[in-house]
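For reference, the chain that follows is the form predicted alone, supplied as structure tokens.
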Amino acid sequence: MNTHASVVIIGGGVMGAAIAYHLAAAGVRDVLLLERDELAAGSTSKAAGGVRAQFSDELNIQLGARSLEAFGRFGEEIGHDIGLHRVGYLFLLSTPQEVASFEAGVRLQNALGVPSRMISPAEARRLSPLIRTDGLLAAAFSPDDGHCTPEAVVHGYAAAARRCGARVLRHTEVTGIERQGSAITGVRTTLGPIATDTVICAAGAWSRAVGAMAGVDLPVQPLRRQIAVTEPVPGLPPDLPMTIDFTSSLYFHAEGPGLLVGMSDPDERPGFATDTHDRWIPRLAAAMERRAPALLDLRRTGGWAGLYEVTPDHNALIGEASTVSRFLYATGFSGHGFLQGPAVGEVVRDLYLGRVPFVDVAPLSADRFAADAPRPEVNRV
């Protein structure tokens, strides 16, 4: 093993792989990506795969839209099929407050070039015929959104990064970060020490521990989220959008011949547990009965649990530490990290190179909490 790297990236999910690719493609020599397990083995492989630009926060809209462009050209640029389905995202809205919030969001999205629009309950049912419109006031839809295969994105980026000269080491855990004063001098790993003056944390739900190794507080908590997969659904529309009942957070999209179904669990407590359980099923069934009763007749054929990386304001941490040289981070995406990976890879590349990124991510610095300047994202599931 080469015991030196110009930059060490910790975490082999979508963030780490995208950052490694963008750095190496920009000509940065000796980029090293470290993953303690297999690539995409953490949160990325457990994601629902949704990709969208429908957010309430201007930065998230821009990051989402930029990533949608990258997903659209992924096969041509990266040379990897990611199973992209541009079927749209459909948010179902049941209260006046939700409608007002999404109307404001659509205005902001449209101003930034996102073709989202408010639609009637009747049009929502035409798009997603499995839903019930009782009590539905309106919906928001954007045709550019959709879903794709998270693991394929990671492996595509990792392969492209290798072709550009980056190194990727799997089954290599970082056990410490060395410093002289405020300057990083290396990392300790299970394969031995690596000298470097730059570390980039893309460790997702495990980022707080990585930050602590460098003396940087990254306020990220892991939170289990579960997903179920159903048996085949006869007559499932090929263009069924990712459908979200915003009040309950119930969502579903096509997964092969069946459906992928998920929902948040307000009783879930922070922690690293990723075993599955049935405690969420009664609440899931109640949400289905209210908004998509046809789902109740479907047999579950599989499912899994993964970890969200949640921050206090449910928004990302992107930036460079002000107290340590050089420690950069891209984490805490609170459920929308996969869909922003391509754009964040560009942003972190530019921060590393001292360039001005396409969007100013200074408001997403981890320092915002100490400054009492949270930046909440309302449009989350």
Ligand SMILES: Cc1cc2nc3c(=O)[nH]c(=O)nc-3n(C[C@H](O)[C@H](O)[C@H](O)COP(=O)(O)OP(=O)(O)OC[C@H]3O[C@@H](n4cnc5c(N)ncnc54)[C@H](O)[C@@H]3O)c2cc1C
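Numbers for residues come from their place in the sequence shown, where the first is 1. Remember, it's a predicted structure, so these values are computed and weren't measured experimentally.
Note that the form predicted together with this ligand isn't included here; everything after this is about it.
Taking the partner from elsewhere, every residue among 210, 227 and 306 has a non-hydrogen atom within 4.5 angstroms of this ligand in the predicted complex. Heavy atoms within 4.5 Å of this ligand in the predicted complex are found in exactly one of 276-284, 100-108, 197-205, 78-86, that being 197-205.
When this ligand is considered in the predicted complex, only one residue from 47, 318, 53, 343 comes within 4.5 Å through any heavy atom, namely 47. Looking at residue 34, you'd find a heavy atom of it within 4.5 angstroms of this ligand in the predicted complex. Among residues of the shown chain, residue 173 is one whose heavy atoms approach this ligand to within 4.5 Å in the predicted complex. When contacts are judged by a 4.5 Å heavy atom cut-off, residue 327 does not count as touching this ligand in the predicted complex. The closest non-hydrogen atom of residue 42 lies within 4.5 Å of this ligand in the predicted complex.
Contacts to this ligand in the predicted complex (heavy atom within 4.5 Å) from stretch 115-146: none.
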